[in-house]
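In structure tokens, the next block holds one chain alone, the form predicted alone.
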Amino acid sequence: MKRKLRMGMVGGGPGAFIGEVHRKAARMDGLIDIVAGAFDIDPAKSLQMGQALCIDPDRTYSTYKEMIKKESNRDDKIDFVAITTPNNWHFPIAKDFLEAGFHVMCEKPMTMTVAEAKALEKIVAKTKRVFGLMHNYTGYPMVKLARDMVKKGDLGKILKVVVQYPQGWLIKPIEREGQQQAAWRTDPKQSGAAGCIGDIGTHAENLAEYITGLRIKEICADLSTFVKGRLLDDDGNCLLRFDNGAKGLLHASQISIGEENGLAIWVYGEKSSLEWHQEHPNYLYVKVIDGPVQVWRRGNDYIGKKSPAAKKNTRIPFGHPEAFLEAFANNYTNFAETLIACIEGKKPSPLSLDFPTVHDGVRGMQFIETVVKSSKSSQKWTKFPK
């Protein structure tokens, strides 16, 4: 294609964290330009953000519905929209843009309910638009290496999966002190049925299923709200049963003092095991029955020989750390390559198709609802919906 993809954004106004991450990541590989947006529910703040991004004032909109209407009538209309709003807006915005003919990249969790997620899945199938879901941790090269090791049988049959995501930033009720990021995440009207489990527990669930290729079948969950007066959970512990008979543990917390962003996973097989930490993402640890611990290091030639996906999603030589922004960018680049192929009437490559989709969004909402249901139930195991 002889031009860059034209991206619009809904959300990500002044002071927003995740919207700015999306913008940096989308532009990293030179395939995408941000040309339009409805950046804030306050039209003045939307205009302020558009000015900061040097976007044409005529393409800085007061509402997303205005954006759809006016962009649809342009010869140079946007190719896709990135949705970076609080959770309660994801479904209506995605639905309306898809039905208007636009492709979509959406923040997670995808919707507020399983019913909305399944409805969106049908809309994506009907409209034949490309839909990406930003589970950014799947974009790390060493996560892709771990997945390919499991897929190639290096670990043998998977027996146990342990995945955690501890943070400590919500140990105090900062949502009542004007902290914007905390306020909407702890508000059921904006966040949904779960707090911590919806915000970061879904990342742990997605990472476990992405690396192992397994699907969670049953959950035994215990959710807690430790901060007095908080309306949603701030800590969760889950026992998992997978569809191959493997067992698992999933722990997510936002009241664990001293923890910053400690997403980590251990996968144990019959022949070997692996371990990966998001805070040290350039290293994958592989352990065997009778031998020393192996440390696989991002960027080396042996990584690409084992995993073409890890090689494709590596930008710089070994010893130069790649991390959070680059993982976001990897998902954007794969999404963009798929979208370009779609526009040109070509078939995307399997490596380009390696990004989370609407189906992952359905799994995430099923996970949230099953965990909440299990935590409220007196029975030990709650089945994951089909």
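Numbers follow the displayed sequence, beginning with 1. Everything numeric here is computed off the predicted structure, so don't read it as measured data.
One more form of this protein, predicted together with a small molecule, exists but is not displayed; see below.
- At the 4.5 Å threshold, heavy atoms of residue 16 reach the small molecule in the model of the complex.
- Remark: residue 342 does not count among the residues lining the small molecule in the model of the complex, judged by a heavy atom distance of 4.5 Å or less.
- Remark: residue 131 does not count among the residues lining the small molecule in the model of the complex, judged by a heavy atom distance of 4.5 Å or less.
- The small molecule in the model of the complex comes within 4.5 Å of no heavy atom belonging to residue 103.
- Note on the partner interface in the model of the complex: the residue among 225, 294, 113, 181 having a heavy atom within 4.5 angstroms of the small molecule is 181.
- This chain is drawn without the small molecule; in the model of the complex, the residue among 251, 306, 312, 203 with a heavy atom within 4.5 Å of it is 203.
- None of 77-85, 232-240, 151-159, 215-223 except one has non-hydrogen atoms within 4.5 angstroms of the small molecule in the model of the complex; the exception is 77-85.
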